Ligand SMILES: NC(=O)c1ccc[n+]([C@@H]2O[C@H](COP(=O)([O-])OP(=O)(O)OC[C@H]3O[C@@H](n4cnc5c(N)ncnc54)[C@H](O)[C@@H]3O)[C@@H](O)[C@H]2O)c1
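Only one chain is shown below, in structure tokens, and it's the form predicted on its own.
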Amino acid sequence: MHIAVVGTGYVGLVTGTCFAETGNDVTCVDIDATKVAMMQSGKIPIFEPGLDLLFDRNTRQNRLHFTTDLKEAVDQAEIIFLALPTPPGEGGAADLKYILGVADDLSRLITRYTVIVDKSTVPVGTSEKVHAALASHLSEDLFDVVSNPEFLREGLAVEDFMKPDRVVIGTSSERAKKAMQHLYQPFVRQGNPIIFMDERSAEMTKYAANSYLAARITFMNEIANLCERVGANVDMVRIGMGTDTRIGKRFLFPGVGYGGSCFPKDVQALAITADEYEYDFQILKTVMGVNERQKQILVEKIRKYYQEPLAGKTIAVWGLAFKPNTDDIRGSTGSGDH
């Protein structure tokens, strides 16, 4: 298939490269000319284990292309993925200006039936806004809008994409459903499901999943703090909990709070959505409050250890990114963001 991916961040570049790996012709487009030139020369602008091998193979075999020209990217595309940033805007809600701006541009470029896929993490109702932006200059029989949230873990993104535990696709169109099923079929040959649902449910699924995982981390931080007071070992508690098949071992590591480019903004965005619908989502508010407080725990431990003023002392922190195997320091509790 001919695929276009708009945006070459972590999600866009991994998405485009992995689709090329299964034999598709993929063109990735970005407005950053320096970044595009870098990729055209065979260099990757991010660190992601395993990505360089797939990138090199598919660029050499002429299945993976890069451009700054949106028209060139989408000219032959059967499916267009929007992998654009949705940073917190004023008040903390997800800012959709990049996605809606590109949708408006596409409304003037598309000339035949195309599936437009929201790959970015977007609030409930975004697919309808994208549909409206496309319909401003484009006949509705020439496109369908699909929600296809990503569940990639930085540091394991290639593995997660190539062998997903599930693929979530939100669409009310049978034509779009067939196209997406055909595209993803090579990735689920081991039997993991492609789950079809309506667009709003797909959009909510991503926020619900990330917020739940953030809540797990926050819960374990509270358990860790209590363990210190009662004399228990949180690592032993974590192992004891993690071996319970109802719970599992992932996202149970205590620390200085969850960070990164996804969890903080996604939890906040879901809480804001709840407020907009006049629902008091108390668990999420508690999760955010505990996470902010947790960032101070390390400082308190240092003060307790020295039991004297810290002025004049040099303290090194080993690790700056929010997790191992990534160079992404966005939202890291160890970076200068806080």
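Small disclaimer: the values here were computed from a predicted structure and weren't measured. For every residue, the number given is its place in the sequence shown, counted from 1.
Below, we refer to the form predicted together with the ligand, which is not included among the displayed structures.
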| query | finding |
| --- | --- |
| Stretch from 214 to 222, 170 to 178, 148 to 156, 190 to 198 whose residues place a heavy atom within 4.5 Å of the ligand in the predicted complex | 148 to 156 |
| Interface residue in the predicted complex among 134, 80, 84, 202, criterion: non-hydrogen atom within 4.5 angstroms of the ligand | 84 |
| Interface membership of residue 121, the ligand in the predicted complex, 4.5 Å heavy atom rule | yes |
| 4.5 Å heavy atom contact, residue 114 and the ligand in the predicted complex | no |
| Touches the ligand in the predicted complex: residue 31 (any heavy atom, 4.5 Å) | yes |
| Any non-hydrogen atom of residue 6 within 4.5 angstroms of the ligand in the predicted complex | yes |
| Within 4.5 Å of the ligand in the predicted complex, all of 1, 19 and 182 (non-hydrogen atom) | no |
| Heavy atom within 4.5 Å of the ligand in the predicted complex - qualifying residues of 90 to 116 | 98, 102 |
